[in-house]
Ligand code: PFF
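Below sits a lone chain in structure tokens, taken as the form predicted on its own.
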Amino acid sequence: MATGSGSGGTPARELFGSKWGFVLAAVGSAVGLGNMWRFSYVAAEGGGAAFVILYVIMVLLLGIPLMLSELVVGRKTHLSPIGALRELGGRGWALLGGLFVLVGFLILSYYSVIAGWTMRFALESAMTGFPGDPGQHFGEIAAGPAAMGWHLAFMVLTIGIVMVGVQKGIERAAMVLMPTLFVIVIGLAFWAATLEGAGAGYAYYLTPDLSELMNPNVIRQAASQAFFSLSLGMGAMLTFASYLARDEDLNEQAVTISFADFAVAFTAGLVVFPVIFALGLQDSVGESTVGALFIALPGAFEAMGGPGRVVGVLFFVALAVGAITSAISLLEVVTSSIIDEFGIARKNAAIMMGILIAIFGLASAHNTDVLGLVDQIAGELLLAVGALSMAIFVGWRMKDPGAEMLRGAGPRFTGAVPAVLFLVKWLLPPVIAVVVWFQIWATRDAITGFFGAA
């Protein structure tokens, strides 16, 4: 077992056994249910290839610098978020670490409900096929005792992986699950290319509308997608980096993680849109992620007969894989902080916090309106606040973050470090502050609507 020690004489800490173990675990954190569909939809609505161009620009300008910010803090201290920020910034900055733990707790509480849906759809489609009326079926299982049961089952699986440890649990799972996900998504994309109507799906997804390049709303959406799809602002990358050896090239890994995440999201769109257009279901998708994943696509797979059933099973297996790898990182943020702050054994910390999250998540499993509200508060607003705070911390409070970025860096990246630091200090705070501003108003509307409906 590889071990290391944090600065200041902290106890030996388990490390990832290999560079690719870390990279695949980090990619697994970023690749989840949201970006496997949301990227495709937002791209189509934002000018197709024009949005893709803007997204790549935003990953370079915002995503990679912010990811590096989390990575340098985690690796430098070999501590979880609360301890890491306290050590580098003082006691007051430990509150930001506490925010990361809270965000991980809240997001996982409802994310596991959605993940439970994917597990159920994967199992049901394999055993009995897709329902004849997917809309009615989803309405019957999305909330209530059945949803609670699948939510709890998913949490048991997540707890079981995290409690085993970094190498034997998180890394081993990532080394199996992520290549599986890549193979399934790529295979489905090749299959989708053979469908009649695939060309219309590609045209909807990728036809460039260059006028959208200067559309402020599309620019904002591209920035938000780059930010949210990389699991930034909740301490996941910071936590994973705390299990890294000192000689790893953080710059190379940030680039690899970012573009692997983009590749999966982009390729998923090459599956979704040909299927939708082949069956003429584009009008039924609308703006709903839920509607696309659990109503429109199951209906499409069922209409295709035997081959559609096989493809549908693989598609929902891929979704479930993405869900579990993301959930692992969320629980690890919470678990590692409990271990570091209170000296509790990993097994006990994972079980204790996993049970608390599972209990809290029962409200979202009982009522999808609760799920939507918690998502807006934690998955949108608090995530943006966390990202803004991290950019300010690394850009203005942390002492010489560039030295940590240069440690282990290859010649391809050493010259880019000053530019990255400039972006972290001067570009990220105002841009993310705009995102926070929009999320404040969206959250206000969500809260008002929730209690108004109640």
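The first residue of the sequence shown is number 1, and the count goes up from there. Note that this is a predicted model, so its numbers are computed, not measured.
Quick note: we don't show the form predicted together with the ligand, though the next part is all about it.
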{"property": "Partner-proximal stretch of 75-83, 365-373, 151-159, 234-242 relative to the ligand in the predicted bound form, 4.5 angstroms, heavy atom", "result": "234-242"}
{"property": "Contact assignment for the ligand in the predicted bound form, among Phe316, Phe273, Tyr111, Trp117, heavy atom within 4.5 Å", "result": "Tyr111"}
{"property": "Contact residue in the predicted bound form, from Gly386, Gly46, Pro65, Gly32 (heavy atom within 4.5 Å of the ligand)", "result": "Gly32"}
{"property": "Ser125 within 4.5 Å of the ligand in the predicted bound form, heavy atoms", "result": "no"}
{"property": "Close approach of Ile357 to the ligand in the predicted bound form, 4.5 Å, heavy atom", "result": "no"}
{"property": "Partner proximity in the predicted bound form: Thr335 to the ligand, non-hydrogen atom cutoff 4.5 Å", "result": "no"}
{"property": "Touches the ligand in the predicted bound form: Phe228 (any heavy atom, 4.5 Å)", "result": "yes"}
{"property": "Any residue of 308-332 that, in the predicted bound form, places a heavy atom within 4.5 Å of the ligand", "result": "Ser326, Ser329, Leu330"}
